[in-house]
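Encoded as structure tokens, the following chain is the form predicted alone, with no partner shown.
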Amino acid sequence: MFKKEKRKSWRSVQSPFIFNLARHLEAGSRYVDERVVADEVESNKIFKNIENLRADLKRSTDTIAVEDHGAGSRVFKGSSRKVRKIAKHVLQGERVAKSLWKVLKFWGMDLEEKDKRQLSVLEMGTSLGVTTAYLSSAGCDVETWEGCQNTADFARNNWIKLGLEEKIVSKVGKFEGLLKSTKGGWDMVFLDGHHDGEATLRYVEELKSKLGKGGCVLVDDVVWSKGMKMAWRQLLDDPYWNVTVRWRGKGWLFHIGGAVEQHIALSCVFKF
């Protein structure tokens, strides 16, 4: 626990906004918006295809020559990395990916009712493209950034297998340069590609002016290292992010006008 945070289960959250986030992340289907449940039933085929792809990747004999601009790896040594090890140790798990799908589907449905547009998502860190596929299948406009061309190409081939290649915009380059060259406007940014505390703080600061109105940032691995823990503490102390939720090693950052400052560490149950 960090000093500012209060640990709560999804059931005990008082704020309607955070409650809706928490129940779609952690609650079983009986507590999820009925529209999301209905769409989940219809989406089970694409989920099955994505998970079949994940299983294939875990059995793959391919290797990727990776150009790593991030904080390095605790799993890999050198630039040649086995796809099956990436699939096993690096990718977001099925339950996490489906939880993100539920949240984005819920937000997207409400957004379409108000603004008649799709939710816009940026993923900073493509890897093998499995989480990207879940984000796209939630009906979002998805842009994904990857520092390594070989990895981006491999992910693109995976989207082709899933029939999603036309729905995903992929860019290759260093995050700093890509951030400075874009106008942004995203509803959510998933920062999942450079697990370094100082770099994370720089990216999040830059994203303040790149998010769309009401947009949020989801930072992966906020307790992964001493540097990431330090960065998360600083983000909790930044008055701009007046609502934060820590969930399964990830941190949600929200700037909500008029909201009472809240910092929650969500107790996790995963009773799907």
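For every residue, the number given is its place in the sequence shown, counted from 1. Note that the structure is a prediction, hence the values are computed from the model and not measured.
There is also a form predicted in complex with a small molecule; it is not shown, and the following applies to it.
**Prompt:** If contact means any heavy atom within 4.5 Å, which of 162-170, 110-118, 124-132, 181-189 contacts the small molecule in the predicted bound form?
**Reply:** So the stretch in question is 124-132.
**Item:** Residue contact check: residue 195 to the small molecule in the predicted bound form, 4.5 Å heavy atom
**Value:** Yes, residue 195 sits close enough to the small molecule in the predicted bound form that at least one of its heavy atoms falls within 4.5 Å.
**Message:** Quick check on residue 175: any heavy atom within 4.5 Å of the small molecule in the predicted bound form?
**Reply:** Because a heavy atom of residue 175 falls inside 4.5 Å of the small molecule in the predicted bound form, the answer is yes.
**Prompt:** Heavy atoms within 4.5 Å of the small molecule in the predicted bound form: does residue 99 have any?
**Reply:** Judged by the heavy-atom cut-off of 4.5 Å, residue 99 is well away from the small molecule in the predicted bound form.
**Message:** My question is simply whether residue 147 lines the interface with the small molecule in the predicted bound form - judged by any non-hydrogen atom within 4.5 Å.
**Reply:** Answer yes; at least one heavy atom of residue 147 falls within 4.5 Å of the small molecule in the predicted bound form.
**Item:** Contact assignment for the small molecule in the predicted bound form, among 91, 201, 103, 83, heavy atom within 4.5 Å
**Value:** Only one option qualifies, and that one is 91.
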